[in-house]
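The chain that follows stands alone, in the form predicted on its own, written as structure tokens.
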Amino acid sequence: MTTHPDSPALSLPPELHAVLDAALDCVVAMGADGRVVLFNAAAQRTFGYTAEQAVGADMAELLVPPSLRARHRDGVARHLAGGAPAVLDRRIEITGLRADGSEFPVELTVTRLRGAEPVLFVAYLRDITDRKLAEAELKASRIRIVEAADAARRRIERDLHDGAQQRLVMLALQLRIARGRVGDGDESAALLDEALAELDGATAELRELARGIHPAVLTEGGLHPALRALAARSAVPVVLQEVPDARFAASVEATAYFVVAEALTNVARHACAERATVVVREEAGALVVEVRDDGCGGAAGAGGTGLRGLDDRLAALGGRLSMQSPSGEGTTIRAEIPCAS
């Protein structure tokens, strides 16, 4: 690294130098010519340069990755020419460059010292590598929790379908055989008919419960057939305006399905609507799900437990849930679920 003995460092009282060197965050000052005039001890530890190496060097060449240098220089030039500052006095996250050529995430705030002559910019930087790693691990763990819950749902649905539901079907078959051997005048016939009716009701309830836990058609066929079946069961007429035939990750498909299911349940219960419309499409790396109705509107936020649960699920996948419900103009529920591979 070339030193710059002719480039003056910022002249500060020794006490202030001591304070800056005791700071945990990096403090780097730059003049209007783009050269470093102050490089505190934290900056030396973080970036891997000594103060002697850094002071006088072009800051863009020293600390800014090549892909960001043109933008950095253009921003400084625009500000010095009187343009509105784009970065000054804002906390942003950006990428820094170490002496060994490695890039790392930093949190940055830049300010221009008022009244300083010559012009002086001071940057406060913090290495946020550990925070980013922790955030990534938290996001990954939340996704694992959602996926584990969906896998458990699928297992329960299969157990109900292959176990209890099949046993009820076999029992119904045996009761029908017994009923066929009993004449209509026999007093046992009425009891068998009642038992068959109760058994049919229990089987239907169990089938509906299994479908609510996790619909088998979603696992086997994907969103299109699953939403088609959901629309067919809806108490309010539903138009599937647009639904892709493509398959997505199981967690994405399950989230999209339950967004539509919850929204249609709310339409039937609260909207006084004559029709609902469902649109599912890929858009900029996300699966966008919209459920619109022509009801009374005026819904007061996503306050129900169902929508709150969906909001949590979407947040775990990096998505978001929103609702628009102007009074008298119906309600639109919109979910954006990241689905890029």
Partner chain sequence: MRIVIADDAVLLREGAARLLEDAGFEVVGQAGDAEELLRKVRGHKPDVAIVDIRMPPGDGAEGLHAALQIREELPAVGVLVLSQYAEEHYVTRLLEHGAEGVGYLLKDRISDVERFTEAIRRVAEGGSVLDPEVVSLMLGRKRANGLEELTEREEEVLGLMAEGLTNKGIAEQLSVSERAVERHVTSIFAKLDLPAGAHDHRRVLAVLRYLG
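Positions refer to the first chain, counted from 1. Computed from a predicted structure; not experimentally measured. We call the rigid core whatever largest set of C-alpha positions still superposes within 1.5 Å between the two forms.
Another form exists, predicted together with the partner chain; not displayed. Remarks below refer to it.
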Practice task
Would you please decide whether R144 lies within 4.5 angstroms of the partner chain in the predicted bound form, comparing each non-hydrogen atom pair?
Solution key: no
Exercise for the section: Find out whether any non-hydrogen atom of A77 is located within 4.5 angstroms of the partner chain in the predicted bound form, and reply yes or no. Expected result: no
Handout entry: Partner contact for R73 in the predicted bound form: the partner chain, 4.5 angstroms, heavy atom
Key = no
Exercise for the section: Using a 4.5 Å heavy atom cut-off, state whether Q166 contacts the partner chain in the predicted bound form. Expected result: yes
Exercise for the section: Identify which of L173, L138, A190, A148 has a heavy atom within 4.5 Å of the partner chain in the predicted bound form; exactly one of them does. Expected result: L173
Handout entry: in the predicted bound form, the residue from V87, I128, A249, A216 that sits within 4.5 Å of the partner chain by heavy atoms
Key = A216
Exercise for the section: With the partner chain left out here, work out from 118-126, 207-215, 92-100, 258-266 which stretch has heavy atoms within 4.5 Å of it in the predicted bound form. Expected result: 207-215
Exercise for the section: Using the arrangement in the predicted bound form, list in sequence order the residues of 134-158 with any heavy atom within 4.5 angstroms of the partner chain. Expected result: E157, R158
Handout entry: Residue shift check between this form and the one not shown, rigid core fit, R181 Cα at least 2 Å
Key = yes
